[in-house]
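One chain comes next, on its own, written out as structure tokens in the form predicted alone.
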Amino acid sequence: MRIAFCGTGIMGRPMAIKLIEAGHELRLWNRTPEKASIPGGHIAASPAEAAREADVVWVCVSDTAAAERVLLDPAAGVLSAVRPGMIVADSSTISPRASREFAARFAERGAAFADCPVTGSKAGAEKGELIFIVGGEPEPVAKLQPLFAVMGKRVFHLGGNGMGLAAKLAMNLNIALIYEGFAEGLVLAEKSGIPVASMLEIISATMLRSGVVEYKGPWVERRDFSPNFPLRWMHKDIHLMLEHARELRVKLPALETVEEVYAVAGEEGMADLDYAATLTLLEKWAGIQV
């Protein structure tokens, strides 16, 4: 397929590489042009230029505002180059409401739009093992299946536009709360004289075992907080969760408390570290190091 790929950052770059390796023709755009330089791909000067002859436009950018600029900018956005029959797949984690609004704008021009957020972090993107959580009409989603298969290992199609994002936010809510409970438990155990290695062994042997702990535990044990999923992006997602919850009149008291931890962690200079670095803030407050 002829694919325009807009956003070649931590997640987008390995996703684009997988598509190129599978033989697809890619025109690449990124806000920082040098990051769009991928062997086998062609750099475009704008999202509109990248999309002009594309069958599929794939977007993977940081937040709702960035997605809006890429998609709707009057002079350089994808919408200005849209053609009937084009499919736009957005893997950005953004507001479900905004995604539905984008879908309506593209539908007016005869193009389909699907929200396709992913889970699996950088490692999953590099291995082609992402999980796609999709919202959109059945026909365009079916046409995207060969591309999902190149970049990922499983696809959950949950209904119409915005449904993939709603599920992704609910999932990330669980990740944020599970990790925070894990970090607080480690700090309490360390303050009590119990080493982290013992706690990790206990957790893996009991009902506390979880994918979040299994994945983050080794990073915590070697105190590696290099960004796999940067704290600032999880904090952004927490804001999206709270905004979505307010729209639905849902109260999320535990998440509201965790948001305060992330806000302070950002102020403490941890925004570009992995979200696992919230542990170090808890350590600081407790006067210990796990």
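Everything quoted here is computed from the prediction, not taken from an experiment. Position 1 is the first residue in the sequence shown; the rest follow in order.
Unshown form predicted together with a further copy of the same chain; subsequent notes refer to it.
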Requested in this report: Decide yes or no: are 1, 43 and 65 jointly within 4.5 Å of a further copy of the same chain in the predicted complex, with each residue judged by its heavy atoms?
Outcome: no
Query raised in the report: Considering 72, 149, 177, 196, which brings a non-hydrogen atom within 4.5 Å of a further copy of the same chain in the predicted complex?
Result: 177
Query raised in the report: With a further copy of the same chain left out of view, which of 202, 107, 123, 76 would have a heavy atom within 4.5 Å of it in the predicted complex?
Result: 202
Query raised in the report: Taking heavy atoms only, is residue 261 within 4.5 angstroms of a further copy of the same chain in the predicted complex?
Result: yes
**Report entry** Heavy atom of residue 249 within 4.5 Å of a further copy of the same chain in the predicted complex
**Finding:** yes
Query raised in the report: Does residue 235 reach a further copy of the same chain in the predicted complex if we count a contact as any heavy atom within 4.5 Å?
Result: no
**Report entry** Heavy atom of residue 112 within 4.5 Å of a further copy of the same chain in the predicted complex
**Finding:** no
Report summary line: Testing 45-53, 217-225, 32-40, 237-245 against a further copy of the same chain in the predicted complex with a 4.5 Å heavy atom criterion leaves exactly one stretch, namely 237-245
**Report entry** Residues of 202-224 having any heavy atom within 4.5 Å of a further copy of the same chain in the predicted complex, listed in sequence order
**Finding:** 202, 203, 205, 206, 207, 208, 209, 210, 211, 212, 214, 215
